[in-house]
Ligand SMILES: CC(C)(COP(=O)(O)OP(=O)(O)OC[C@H]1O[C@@H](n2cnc3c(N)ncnc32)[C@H](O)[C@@H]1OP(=O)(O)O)[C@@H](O)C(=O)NCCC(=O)NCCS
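Next up: a single chain in structure tokens, the form predicted on its own.
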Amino acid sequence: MSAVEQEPQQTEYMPYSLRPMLPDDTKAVAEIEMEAFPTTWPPTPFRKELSNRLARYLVSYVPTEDADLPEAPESVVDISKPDSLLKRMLQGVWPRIGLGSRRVDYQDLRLDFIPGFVGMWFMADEAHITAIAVLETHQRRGIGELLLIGCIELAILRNADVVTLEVRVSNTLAQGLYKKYGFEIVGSRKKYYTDNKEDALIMTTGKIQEAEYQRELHKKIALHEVRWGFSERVLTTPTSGA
């Protein structure tokens, strides 16, 4: 984001929260994938992915009754509402990076508005980001960075050693975000993208279980919260564990 862009209005709570993808979310997530990656074929079978033991998906969301559509990006989820999702969360403690371990009554969830998602595969000691995307109408609101924060936190919870991904050589904006969170270029894949045969850069973090990495992550999360507001991040379902 350009330094000359106007700072958004400060809010106590960010309108967007994170939670695991549920079956009712798969249609919205498929539409985001279609917009962000129109040449992906075949489309990702998201319902099938929910039963894939290696895969995990997180979505950014706003409860439908609180959903802030593109006209009003500054609105905030009202946590005083008795049926608000935030009021149904119980917060515990995760001492390593201070992340609350919360539980949600998934039987009581409405169909939420989903503007973004991130997918990961866990293989051996590596967490690999397969996709991260935000609706074009909801970009530049801190959602993409929030999704990246969530998947790094989930990788730490699942005891992964590093997080990796591929990114287009031309996508310098995304590369800048990844570098901010400790990703470094470690290689490339020639003609990786089928639409234009563009090369991909392979980026990976340092050791995410190390105290120094987690201290730096903590600082980045704090800066994100200063700019965009605090966001509830539920990383696991009650039945799946980490």
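Computed from a prediction, not measured in an experiment: that's the story for all the values here. Heads up: residue numbers just count along the shown sequence, starting at 1.
Keep in mind the form predicted in complex with the named molecule is missing from the figure; the text below concerns it.
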To verify the annotation, which of these, L177, A30, A55, I202, has a non-hydrogen atom within 4.5 Å of the named molecule in the predicted complex? L177
In this chain shown alone, the residue from V186, A211, M34, L173 with a heavy atom within 4.5 Å of the named molecule in the predicted complex is L173
Look up in the predicted complex whether Q139 has a non-hydrogen atom within 4.5 angstroms of the named molecule, and give yes or no. yes
Since only the chain is shown here, I'm wondering whether V167 would be in contact with the named molecule in the predicted complex (any heavy atom pair within 4.5 Å). yes
Using a 4.5 angstroms cut-off on non-hydrogen atoms, would I114 count as touching the named molecule in the predicted complex? no
Can you tell me whether E153 touches the named molecule? I mean in the predicted complex, with a 4.5 angstroms heavy atom cut-off. no
Interface segment, criterion being heavy atoms within 4.5 Å of the named molecule in the predicted complex, picked from 212-220, 178-186, 22-30, 41-49: 178-186
Is every one of E126, R158 and V234 in contact with the named molecule in the predicted complex, taking contact as a heavy atom within 4.5 Å? no
